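One chain follows as structure tokens, the form predicted on its own.
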Amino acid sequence: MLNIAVLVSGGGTNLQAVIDAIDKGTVTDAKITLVISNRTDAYALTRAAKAGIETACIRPKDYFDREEYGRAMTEAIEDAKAELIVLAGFLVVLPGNFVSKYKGRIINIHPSLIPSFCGDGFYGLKVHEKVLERGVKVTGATVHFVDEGTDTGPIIMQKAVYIKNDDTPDILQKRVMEEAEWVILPKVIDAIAHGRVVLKDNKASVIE
């Protein structure tokens, strides 16, 4: 059984997608043992509580520096016996000591086809605004391993979503969630739970 910690900052729609996938049996041999947010008012914490999942609010501003914050996060992860850390709309840059400790065990879902529309400043609705501003015809979502950079870790899985002429950022955001994010994040978690994700030479592959 793969124990998972999910890190969230907002509404937790991707968290809900994982909870639902585990409940339906499309993700097996995995369970969420902890949900951490950096915000006390994150609705994701309510979603977790409703599902009977332990929650914690760990805020960077409550610690002396980023290293101390990283140690607090590590302690929570270890207490929950989490083996995989899933960033699902987590808007805090993780401390280096935390990332290095869990290298190859942290994944992130990003609402674009990396390497397009990613990196510093590209998060949430801003991604979809830039996609429409640029006039690209295809966008999507990416699940990748987390490294010391921003959205620079090895790509595990991507799914494309086509742009429509009448798309607004809000409409596009919802469709990318429904057609891509909520599909590939549970798929990757299930693949990891069954040892089907291989990380070698800084490249990730999924064994079907």
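What you see is a predicted model, and the numbers here were worked out from it, not measured in a lab. The first residue of the shown sequence is 1; numbering continues from there.
Although it is not shown, the form predicted in complex with a small molecule is what the next lines describe.
*Asks:* So, in the predicted bound form, is L113 in contact with the small molecule at a 4.5 angstroms heavy atom limit?
*Replies:* Contact with the small molecule, no.
*Asks:* Check G89 for me: does it contact the small molecule in the predicted bound form (non-hydrogen atoms, 4.5 angstroms)?
*Replies:* G89 belongs to the contact set for the small molecule.
*Asks:* My question is simply whether G12 lines the interface with the small molecule in the predicted bound form - judged by any non-hydrogen atom within 4.5 Å.
*Replies:* G12: contacts the small molecule in the predicted bound form.
*Asks:* If you check in the predicted bound form, is I171 within 4.5 Å of the small molecule, heavy atoms only?
*Replies:* I171 lies outside the contact set for the small molecule.
*Asks:* Does the trio I58, I85 and F98 actually contact the small molecule in the predicted bound form, every residue with a heavy atom within 4.5 Å?
*Replies:* Answer is no for this spot.
*Asks:* Which residue, A160, I163, M177, A51, is the contact with the small molecule in the predicted bound form, using a 4.5 Å heavy atom cutoff?
*Replies:* Flagged contact: M177.
*Asks:* Taking the small molecule in the predicted bound form as the reference, which of I109, L94, A80, A72 has a non-hydrogen atom within 4.5 Å?
*Replies:* So the residue touching the small molecule in the predicted bound form, by this definition, is I109.
*Asks:* Pick from 116-124, 99-107, 72-80, 130-138: which stretch has non-hydrogen atoms within 4.5 Å of the small molecule in the predicted bound form?
*Replies:* The contacting stretch here is 116-124.
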